[in-house]
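We give structure tokens for two forms of one protein chain below, kept apart as structure 1 and structure 2.
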Structure 1
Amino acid sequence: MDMNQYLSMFIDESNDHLQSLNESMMGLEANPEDLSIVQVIFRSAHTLKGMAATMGFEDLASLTHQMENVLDLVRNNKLRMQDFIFDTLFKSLDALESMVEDITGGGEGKADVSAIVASLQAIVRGEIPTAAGAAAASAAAPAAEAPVFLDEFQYSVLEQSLQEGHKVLYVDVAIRKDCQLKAVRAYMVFDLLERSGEVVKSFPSVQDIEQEKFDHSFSLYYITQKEASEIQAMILNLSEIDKVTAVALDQESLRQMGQDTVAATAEAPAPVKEAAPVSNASPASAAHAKEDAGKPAPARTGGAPSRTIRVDIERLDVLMNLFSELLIDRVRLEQLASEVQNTDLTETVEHMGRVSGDLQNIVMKLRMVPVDTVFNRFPRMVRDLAKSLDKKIDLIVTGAETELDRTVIDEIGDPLVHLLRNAVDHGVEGIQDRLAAGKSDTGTVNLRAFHSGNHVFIEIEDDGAGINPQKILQSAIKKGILSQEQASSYSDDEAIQLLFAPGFSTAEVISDVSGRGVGLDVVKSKITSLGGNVVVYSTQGKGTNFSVQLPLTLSIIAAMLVRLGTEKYAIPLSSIVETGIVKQTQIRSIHGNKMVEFRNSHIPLVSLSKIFSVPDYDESTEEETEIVVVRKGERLVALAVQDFIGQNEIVIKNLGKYLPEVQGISGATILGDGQVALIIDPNAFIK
């Protein structure tokens, strides 16, 4: 069977499962006792394993199988989730993502994951990683972490021994990897221990150890009168012993352990040994599906069948381009009908206009996707960043269902990553600083999206220390961006906007995560290129808010058509505040710049005819001039035009590689009369 035809489906579904696994793992980390989440994770991992095995990606299937072994112990109450288990599982997910990326890029999905597999196997065996500080841990820790379960009799023996003044030890022995007769060494350890006490329980069982069915290490519970350090030293004196950990248990640790003993009457790893091999993924999949079907479904799984289909985005792009051509023809027909004055033609064109309007809404909605497709990677990113920076941070995501055009979604990811990393690294203070400032030790970063008019706003707000405007001004003076006199005239808001200046930074030490100001100019230019805007608000001691304003779509916009001589231009309606007429006597000249009064303030008047060198129009020769007031953030500018033609929907066409980045022009469109009109970028006129 040719698997290539299923490859794109496999990649899509694998990415979905990996995303689901990441989200569920985050949920489980927040609520480690919720076994329903473990069931969701297990099923996702199991499905991914089956898919990978079917497609022949053995490394991917093998790693997922090892993850499954760990999750199987957890869902059967034989292993408690702990930090090092979460870390290992998250590393496994990262490796799986890398493999899927490799497959997406045409590779075979192969990777060296032996270290991660070894860690997962060690967790299944009940070994506590040295990184977790097993030797230095308290007496309660090993008992709580060790999955070497005791039956009720063994537990009561240990408890009674403690009450009678004996010592109960948890001993972990590792034999050297190059040992040829590890069963003999294990026998010597048992023989040595039985001279000074009694071994109550071992894992693996004594029988398995005698038959060498263990992987160079074993654990046991031991009753003795000797100290833990003494027992440890005695075992280490034997040859070919690599490492020994002996920890004394007390009543409290035994009591915690007792919570597990009621359910754990069988050997802990037994279910793992019975797990289906990777090569039998399909039958195993059916068996697990049957097994899972009998269990209560977790809350997150919906009962309704899916009513959606996957469509290649390129097909939607083709559909969008075809509709764009149809829209241009519709406008052309409308103009011809108005010229011909034929009733039948006019009615037909009007009907066509209504139908194409409905079609336009459908096409636009097909391309609209929730911002959740971008947001879903951030919880994991913030979790990892906070951990690496030793901070406690809650990321609260709201409005993830807000929809944006796919072209905007594809572009907005990187700027948001940069702003979020800034918020985590420089926005939220460290734990000690927060406590000293009278705040809780856990910082909050809000990531919210919402519609407003024809725009979508995405805000990244932290409750950190805020931005110090004086520090920014001092840095700007030091870098020669501002003089001392200029800085003294800057307001706090103007000072904060300096963060977006190229290469500007207030960070004394630039970390590998981010630096407040480093790269923010890139963020701003990217958002501006999308027709959006970014504004920052900050209050010292309370936090910072980066507000990103984005257009709903970049393909079809409503615009006002204006005339300058024989040329026509389109101004996006979303930028227009008002239109009006000013007399020459109302135009004032201030420091060589023309200004007009607008709502009790004076705003700049920009001559488009001069900027674009229009040969047959000059507004200075007229008594009255039409103006279009446009907005960029809080700033306004009046554009002088000759005539208003009217409002229309236009299809944006880029200028191509021959006219790159013409100042003040964001693209072109074809009008109903076949003439090409340039689309004005109002942001370019507002500095």
Structure 2
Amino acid sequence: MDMNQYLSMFIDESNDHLQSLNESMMGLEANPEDLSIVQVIFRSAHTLKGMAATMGFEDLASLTHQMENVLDLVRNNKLRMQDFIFDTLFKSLDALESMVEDITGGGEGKADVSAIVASLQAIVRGEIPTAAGAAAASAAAPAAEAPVFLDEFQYSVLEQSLQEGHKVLYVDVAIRKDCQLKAVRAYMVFDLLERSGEVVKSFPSVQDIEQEKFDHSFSLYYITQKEASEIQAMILNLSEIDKVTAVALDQESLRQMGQDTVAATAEAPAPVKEAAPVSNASPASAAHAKEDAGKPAPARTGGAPSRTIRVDIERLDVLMNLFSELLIDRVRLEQLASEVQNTDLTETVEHMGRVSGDLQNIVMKLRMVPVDTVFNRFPRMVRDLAKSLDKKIDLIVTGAETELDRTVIDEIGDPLVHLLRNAVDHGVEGIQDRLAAGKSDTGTVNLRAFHSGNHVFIEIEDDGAGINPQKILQSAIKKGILSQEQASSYSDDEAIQLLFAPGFSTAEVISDVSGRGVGLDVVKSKITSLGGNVVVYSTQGKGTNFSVQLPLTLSIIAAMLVRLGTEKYAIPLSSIVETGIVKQTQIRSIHGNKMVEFRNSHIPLVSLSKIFSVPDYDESTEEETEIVVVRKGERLVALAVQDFIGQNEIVIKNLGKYLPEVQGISGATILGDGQVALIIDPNAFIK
């Protein structure tokens, strides 16, 4: 079976399961007595294990298996959840996540998880006396360490062999400590054994032994016709072997060693016979899960069958491209029809216009992804942060179902992480400070997403100490961002927005998490580059609110088309405040800069024709000039143009890799007549 075709499905599903594991664990942490959550976690872990084993990602499968062992004890009321168990389980989830990430990146999902496995095993051992001791005693297994555990399949193979009159041996081999090539010696032992019988199971797994991942000794279950002593002598004949003990098992001792410790291995269809390198080979895994071996991994845990399909994002991009072609043709057709003035043609074109309008909506919706895909990692992040900072914080997420275009979603994660860390680290006070301020010891961070008009807002609000504007002003003066006089004219609100100024930080002590203000300028520029905006509101003593405004999509925008001589340009509607006409006499010159009056204040007038050296237009020869007032944050600029052509939906295309960054131009679009029009980047004109 070619696994590659299932790989992407595996990755998607694994991520889903990891996510639900994370969520459920958080739920359980809040509600440790709720065993139904443990059931959910267990099922998810179990499915993940099965999938991983089927795909051959053994490290992943074995770690999940260890988690399952712990969870199984919990759900059977044999173990109470405690903090360190949660921590260990969360650590395991992190490790699983990085493995899946590795697989996503084309790796094999390998990772050294021995430490986590050891602590998981310790948890299992610590609470429940393992069957190992008893079994070892009754079987007279020589080594102090516990015997190898068998899964149901292996157990039944051994049992059957006994019934058929074969001998089942438990063999423990120690190689001399000074042996240089212990893997080779081990191989020779296996080779020798395979000649007169069959190795059913070994610890460590054959693979680990081959890679020298063992410590001078290994043990195995062996089916043969020969006597134990005979085998012992044979192995001892090899050089550099320190000690060999071979114990013949009967039904009873096998049952004792095996049955209590039958491991739940849903992945049993893997090649078990060859001393399977499958997951459950570990010394003290007192696995108690009694799942049906060989049960195929269920696609989803519980719930109604999903009514969605996964679509490769590249196909959606192709669809989007094709659709933009159609949109361009539609506009062209509309133009032609209006010239031809044929009623039938006009009606058809109008109909086509409506259909393609609907189509456009649907195509856009296909690309919409709930912000949940970004939000879902935050609860865990906030939990960890709060823990490391010794704070108590409730994260309340609302509006996670709000949808945004995937292109925006992809970009928004990092800025949000930054703002959230900021809120947790600097927004919410420590427990003592909160109590002193007469608040409850648990801080609240609200993460909200909602639609408003053509935008999506994401707000991060904390009920912490708020921001002190005076402190910010002082800090800004100290850093040379402001002069003393400038600072005195700043309102509190303006002062707080200084947080976004480049190189600003008010943190007196910069913790390892984040400094308030550190990198906020980067957050701001990232969001601005997406065509969005971020502002901060703060009330001292009550809290701080970062509000991020984002466009729904990046690929189709509404724009105003303008003419400069024979050239046409598009100005994104989102940054246009208003359009108007000014008379030549209304244009003033202040310090050599042209200014026009706009709503009782003077704003700069930028001559697009000069900046772009337009060959056949110059507004200074005209009596009246059309202006487009554009905004970047609070600042306004008037752009002088010759004519307004009208408002249009345009498909953004980039200028290709060859052209260097063109100042003032953010891209291009194709107009109805097939001509290319450049899209003006209004931000470039506002300093």
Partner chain sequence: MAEDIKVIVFKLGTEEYGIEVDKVQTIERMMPITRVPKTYSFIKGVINLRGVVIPVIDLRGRFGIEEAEHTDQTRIIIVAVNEMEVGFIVDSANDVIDLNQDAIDTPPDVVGGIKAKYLDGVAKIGEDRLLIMLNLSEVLNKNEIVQLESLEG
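Take the two forms, superpose them, and find the largest set of C-alpha atoms that agree within 1.5 Å; that set is the rigid core. Each residue is numbered by where it sits in the sequence of structure 1, with counting from 1. From a predicted model like this one, the values you see are computed outputs, not experimental measurements.
Asker: Which number belongs to the form predicted alone, 1 or 2?
Answerer: Number 1 is right.
Asker: With the core lined up, does the C-alpha of Glu33 move 2 Å or more between structures 1 and 2?
Answerer: Moves: no, less than 2 Å.
Asker: Once everything's superposed on the core, is Leu322 shifted 2 Å or more at the Cα between structures 1 and 2?
Answerer: The answer is no, as the C-alpha of Leu322 shifts between structures 1 and 2 by less than 2 Å after core alignment.
Asker: Once you overlay the rigid core, does the Cα of Ser44 travel 2 Å or further between structures 1 and 2?
Answerer: The answer is no, as the C-alpha of Ser44 shifts between structures 1 and 2 by less than 2 Å after core alignment.
Asker: So, with the core fitted, how far does Arg195 move at its Cα between structures 1 and 2, in angstrom?
Answerer: C-alpha displacement of Arg195 between structures 1 and 2: 51.9 Å.
Asker: With both forms put on the same core, how far apart in Å are the CA positions of Lys583 between structures 1 and 2?
Answerer: In the core superposition between structures 1 and 2, the C-alpha of Lys583 moves 5.6 Å.
Asker: On a rigid core superposition, how far has the CA of Gln675 moved between structures 1 and 2, in Å, if you could check?
Answerer: On core superposition, this C-alpha lies 3.0 Å from its counterpart.
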